[in-house]
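We begin with a single chain expressed as C-alpha cells, specifically the form predicted alone.
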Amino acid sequence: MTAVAKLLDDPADAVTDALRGLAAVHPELSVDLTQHVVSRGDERRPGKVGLVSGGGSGHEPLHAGFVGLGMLDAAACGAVFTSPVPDQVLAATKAASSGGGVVHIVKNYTGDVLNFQMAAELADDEDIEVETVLVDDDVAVTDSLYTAGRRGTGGTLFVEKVLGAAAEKGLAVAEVAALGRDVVSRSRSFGVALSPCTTPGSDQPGFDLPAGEMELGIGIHGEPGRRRVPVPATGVAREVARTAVAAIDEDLPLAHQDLLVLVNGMGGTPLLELQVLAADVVAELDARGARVARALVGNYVTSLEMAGAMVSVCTTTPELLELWDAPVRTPALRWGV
C-alpha cells in the first residue's frame, strides 16, 4: 500500500520543515532546527520564572504555537507522537531560564514524564531550579491498565495560559507551580473521534474506526476511548455535547461554577461544526447550572487530521479569570496586546 497523501515535502522531515515554516512567519521566535526547540526571541526580564512545555509533534498549535509573551518561554518538539528526549527538554529549559527558576508543564504520558524528569535533574546540575506541573485532565480514562493514569489533553492550554500570566506578573517559581497544580485540579476534558488520523509516511490510520461509528473518550494519539457507538442520524453535535459534559460533570460537579470552556477541534473538523458543538455545549452547561465565563472554539490541541472534538472546562475564580484575561501574544493565542 502507498502512504496517505499529505501536504509534505518529505515525511521524514515533517517536524523540521514545519518548524522552518514557523520560523519563517514568526521572526519574533527563536527556532533551533537542530534541537527542535522554539523559544521567545525577545529579551526576558532577569529573575522571571521560565515556562517550558513540550511533547510529541502532531498536536499543533500545542506547544510551539503557544510560545510568546504571556504563555510559554520555550517548547521542546519531539517527533510525531513521540516525547522529546531529555537533551531537547534541557535545551528548552536553558533557553527559558533567566535566573528565577523554570516550571515544566508536562502532559501525563510515560515518555514525557520520564524525559522531563531526567531533564530536570540535568538542569539541577547546572543550578537551574525546576518545578514540575503534571497535567492529567482527561476524565475518559477510567482504567489505567494501558496508560499512566489520566492523560494530559485540552486542559494543558488552561495551565499554560494562566501560568504564563502569573510568571509575567512576577510570582516566584514555587508559587507558579502551586498555581499550576491548582489549575490542573480544576480542569477536565473529554474527547470524541469521528475518524482516525494517519501519521506522516504511514499507509495505515492510527486506529480502525468504521464509517458510521464514533469513539467516545479518545486520547490525542488515537488511544482507545470508553466505547464505540453508532453516529446518530441527526443531533450528532447535541449527543457529543451531552456525552462530554455529562462525563465531566460526573467527575467534577459543575453546577454554580464559573467556567473557562474550550471546544477544541482535533485537526480535521471544520470550524462550522465546532461552532455548532459550542452552542450545544453551552446549552448543556447552562442546563446543569454552570456559567460560561470565557470560551475558546477552534483547533488548539489537535491530533493531525483526526475528525472529532474535545470539550475541556476549568472552574475559575476572579483571580484566575484575571490571569486568563491578561495579555498574550503567541502564534496561536493573542489578545490584550
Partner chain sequence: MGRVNLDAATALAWLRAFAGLVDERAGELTDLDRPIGDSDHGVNLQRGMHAVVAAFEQEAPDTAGAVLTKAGSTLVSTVGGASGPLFGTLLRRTGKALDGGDLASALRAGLDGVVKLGGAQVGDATLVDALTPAVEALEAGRSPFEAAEAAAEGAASTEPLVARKGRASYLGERGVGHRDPGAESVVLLFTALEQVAA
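In this text, all values refer to a predicted model and were calculated from it rather than measured experimentally. Numbering follows the first chain given and starts at 1.
From this point on, the text means the form predicted together with its partner chain, which you will not see here.
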inquiry  = Since only the chain is shown here, I'm wondering whether residue 108 would be in contact with its partner chain in the model of the complex (any heavy atom pair within 4.5 Å).
reply    = yes
ask   = Is residue 195 close to its partner chain in the model of the complex, meaning a heavy atom pair under 4.5 Å apart or at it?
value = no
ask   = Is there a heavy atom of residue 172 lying 4.5 Å or less from a heavy atom of its partner chain in the model of the complex?
value = no
message = in the model of the complex, does residue 114 come within 4.5 Å of its partner chain, counting heavy atoms only?
response = yes
ask   = Of these, 224, 232, 253, 99, which has a heavy atom no more than 4.5 Å from its partner chain in the model of the complex?
value = 224
message = If the cut-off is 4.5 angstroms on heavy atoms, which of these, 132, 243, 83, 257, is the one near its partner chain in the model of the complex?
response = 83
ask   = Can all three of 79, 205 and 228 be found with a heavy atom no more than 4.5 Å from its partner chain in the model of the complex?
value = yes
ask   = Taking the partner as it appears in the model of the complex, which of 258-266, 68-76, 196-204, 233-241 has residues with heavy atoms within 4.5 Å of its partner chain?
value = 196-204
